[in-house]
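Below you will find one chain, with nothing else, as structure tokens; this is the form predicted on its own, and questions on how it binds or moves follow later.
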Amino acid sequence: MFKIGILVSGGGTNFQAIIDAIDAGKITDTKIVTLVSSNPNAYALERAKKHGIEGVCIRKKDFETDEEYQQALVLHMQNREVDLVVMAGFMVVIGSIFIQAFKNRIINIHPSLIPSFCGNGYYGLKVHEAALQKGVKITGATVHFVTEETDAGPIILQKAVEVKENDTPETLQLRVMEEAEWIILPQAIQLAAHGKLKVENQYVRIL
């Protein structure tokens, strides 16, 4: 059984999409063994409780140093023998200690077609605000491996979404989630769970 650990900060809609995909048989031979929230009030923790999944809060501010925080995250995931870490709306920048401990085993979902509207400062609604300000006609979402450089790791999957004339950041955010994020994140997990992803330098080969 392939074991995944989820990192979240908010409502956990992508987390729910993963749960639904497992229930629907779109992700097979895979179990969510833990959910870690950076926020004690995140609704994702309620979702975990409803589905009988371990949900814990590990907050950066509860540690004296960033190194101690990262080590706590590493130990938490290692103790549960996690095969893949999934950042599903995690608003904390994780550092090299955690990334190296799970090299090529951390994936993130970003609400744009990388390399557009990504990197430091681009998160949540800010991504969609930037897309609308630029006047792009197509946006979307990207699943990528996590490296030390924000949103710059090898790309696994992307899916395009049309930008409509009367879109607001909120309507665009919802459409990107429904038409892209909730589709390609489960797909990427299924590929990883069955050994179908091979990282070659900055390129991901789907086997």
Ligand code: GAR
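In case it trips you up, residue 1 is the first one in the sequence shown, and so on. Remember, it's a predicted structure, so these values are computed and weren't measured experimentally.
What comes next is about the form predicted together with this ligand, which is not displayed.
S.K.: Considering this ligand in the predicted complex, find the one stretch among 81 to 89, 130 to 138, 67 to 75, 98 to 106 with heavy atoms no farther than 4.5 Å from it.
M.R.: Among the listed stretches, the partner-contacting one is 81 to 89.
S.K.: Please check if residue 12 has a heavy atom lying within 4.5 Å of any heavy atom of this ligand in the predicted complex.
M.R.: So residue 12 counts as contacting this ligand.
S.K.: Applying a 4.5 Å heavy atom distance criterion, does residue 36 contact this ligand in the predicted complex?
M.R.: Close contact is absent here: in the predicted complex, residue 36 is far from this ligand, nothing within 4.5 Å, heavy atoms only.
S.K.: Indicate whether this ligand has at least one heavy atom within 4.5 Å of a heavy atom of residue 161 in the predicted complex.
M.R.: Flag for residue 161 set to no.
S.K.: Any chance residue 180 has a heavy atom within 4.5 Å of this ligand in the predicted complex?
M.R.: It does not: once this ligand is placed as it appears in the predicted complex, residue 180 has no heavy atom within 4.5 Å of it.
S.K.: Considering only 115 to 131, what residues come within 4.5 Å of this ligand in the predicted complex, judged by heavy atoms?
M.R.: Contacts from 115 to 131: 122, 123, 124.
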